[in-house]
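Before any questions on how it binds or moves, here is one chain, the form predicted on its own, in C-alpha cells.
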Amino acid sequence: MSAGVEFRNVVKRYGATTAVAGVSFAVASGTLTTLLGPSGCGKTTVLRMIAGLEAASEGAILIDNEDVTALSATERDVSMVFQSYALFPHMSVLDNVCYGLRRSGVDKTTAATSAQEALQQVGLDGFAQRQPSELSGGQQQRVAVARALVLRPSVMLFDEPLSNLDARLRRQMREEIRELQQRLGLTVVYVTHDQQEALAVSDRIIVMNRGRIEQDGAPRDLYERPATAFVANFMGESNRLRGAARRLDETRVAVTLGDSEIVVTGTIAADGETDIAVRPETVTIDPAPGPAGSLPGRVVKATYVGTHMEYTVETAAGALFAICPRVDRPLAAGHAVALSLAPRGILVVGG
C-alpha cells in the first residue's frame, strides 16, 4: 500500500530548542495513524508540519509520494480539524462547510451541493441553516469534520478533536470518526494524549517522547509488548517494579517478583535483575494465603469507583495498584491478601 504521508529525518527547531528530532515514519494510504504522547512531546508540531502550518528545519515531507516540504499550507492537499473546531459564529452551518470551497473558487451552487453531501455523511442532514451556537459540542465537531471532508483532501488531520467533549460524547464521536474513516477509505493522521482514544480509533499508533519516536506499531502490540518503560507507563496503567528475569528458551522468560515466579511467553529478556511492568487489571486478589505461587501482600488503600474497586497492596516486590471488578465485598485497608499475576499482564521493560 502506498504512503499517504512520509517523514524522512524531519527536524523542527525553535531557536536553540529542538521540538522534533530526526523523525521518520510513513502513514499508509487509507489508514488512521495516531500520534500519541504527553504535552510537549512534539506530536502537534509534527501534525502542523504535515499541514504546512510549520516549516521543517531539516528533512523531507511527502504526501502521496510528492515532496511538499517547501509548499505552503494552501498548496498541500490536506484538511485539518482543530481542537477548537474554529467555526465562524456569524455563518450558518452550510456556509461554514462551504467556506473552503468558495475560497477555492467553486461556484455557490456547486459548493452548496457538496456541502449538503458532506453534512449528510456526518449525520447532520437538516442542520444546514442552523447557527453554530444552536448546536451541541458533538454537532459542532461534526460540522468541523464536514468542512474538512468537503474539500476531498488526500490527508485529513485531527488535532485533539475530542478534548472539549464530555466522556460519553467522546466515546460516541471517536466511534463515528473511525466509522467514517473506514467507510470512505480516508488517510488520517490523528493527534491525542488520550491512550484509550488512540487504542480505540487507530490502525497504528506512533508514541512520541521528547521530540522522538519512542515506539510505533499496532495498538495491541504497543499495549501488550511495549519496547520501553516509557511506553509501558504511557499506554495504560502499569506498576513499575524491580524483579528478576531468567530466560527459559527463545520465547519464554521466568519472571520473579518477591517469592512469586511467573512464566511469560512471547518476550525476550536477558538473565538478571530488570524492570518489570504489571498491568493492574490482570492482578487477581484473593484472601491470604491464596493459591500456590501467589504473591502475599496487605491492602494499604481501597477505593470504590462504581464499576470496580481500586486497591493499593504492599508486597515484598513493592506496592502494586490493582483493579478488582468485585464491588460487593470490598477489602478494607490492613487486610492480608494474595495476588495472582496473569502472565499476559507482566511486561519486561528494561535492565
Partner chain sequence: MSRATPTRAVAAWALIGLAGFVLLPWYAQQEGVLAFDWIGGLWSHADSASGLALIAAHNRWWLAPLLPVLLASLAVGFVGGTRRQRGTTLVWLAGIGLAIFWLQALSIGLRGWNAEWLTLTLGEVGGRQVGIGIGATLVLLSLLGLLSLGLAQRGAFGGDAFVAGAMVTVVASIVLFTAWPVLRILLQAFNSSDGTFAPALLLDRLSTAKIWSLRCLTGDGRCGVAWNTLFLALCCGAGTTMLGLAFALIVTRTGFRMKRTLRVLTVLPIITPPFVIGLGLILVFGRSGVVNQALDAWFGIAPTRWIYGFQGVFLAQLFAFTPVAFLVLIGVVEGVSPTLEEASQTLRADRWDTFRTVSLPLMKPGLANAFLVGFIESIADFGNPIVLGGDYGVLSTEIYFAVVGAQLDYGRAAALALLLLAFALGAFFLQRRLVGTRSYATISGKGDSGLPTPMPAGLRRLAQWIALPWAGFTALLYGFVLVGGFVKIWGRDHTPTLQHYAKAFAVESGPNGLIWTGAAWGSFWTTVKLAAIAAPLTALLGLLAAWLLVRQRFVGRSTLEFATMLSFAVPGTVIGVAYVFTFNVPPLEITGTALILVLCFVFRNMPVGVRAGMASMSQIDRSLDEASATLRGRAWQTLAHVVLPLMRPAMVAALVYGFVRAVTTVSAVVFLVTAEYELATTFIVLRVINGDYGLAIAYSCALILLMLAAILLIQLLVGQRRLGRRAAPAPIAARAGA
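Source: prediction; values computed, not measured. Positions refer to the first chain, counted from 1.
As for the form predicted together with the partner chain, it is not shown, yet the points below apply to it.
Every residue of the trio E66, S72 and N164 has some heavy atom no more than 4.5 Å from the partner chain in the predicted bound form.
With the partner removed from view, the residue among Q131, Q196, T113, T256 that has a non-hydrogen atom within 4.5 Å of the partner chain in the predicted bound form turns out to be Q131. Put simply, of L53, A28, L62, A316 only one has a heavy atom within 4.5 Å of the partner chain in the predicted bound form, and it is L53. Looking at V263, you'd find every heavy atom of it more than 4.5 angstroms from the partner chain in the predicted bound form. Residue contact check for R279: none of its heavy atoms lie within 4.5 Å of the partner chain in the predicted bound form. At the 4.5 Å threshold, heavy atoms of A86 reach the partner chain in the predicted bound form. Proximity of R147 to the partner chain in the predicted bound form: non-hydrogen atoms within 4.5 Å are present. Residues with any non-hydrogen atom within 4.5 angstroms of the partner chain in the predicted bound form fall in just one of 239-247, 168-176, 148-156, 204-212: 148-156. Residues R76, D77, V78, S79, M80, F82, S84, Y85, A86, L87, F88, P89, H90, M91 of 76-98 are found to place at least one heavy atom within 4.5 Å of the partner chain in the predicted bound form.
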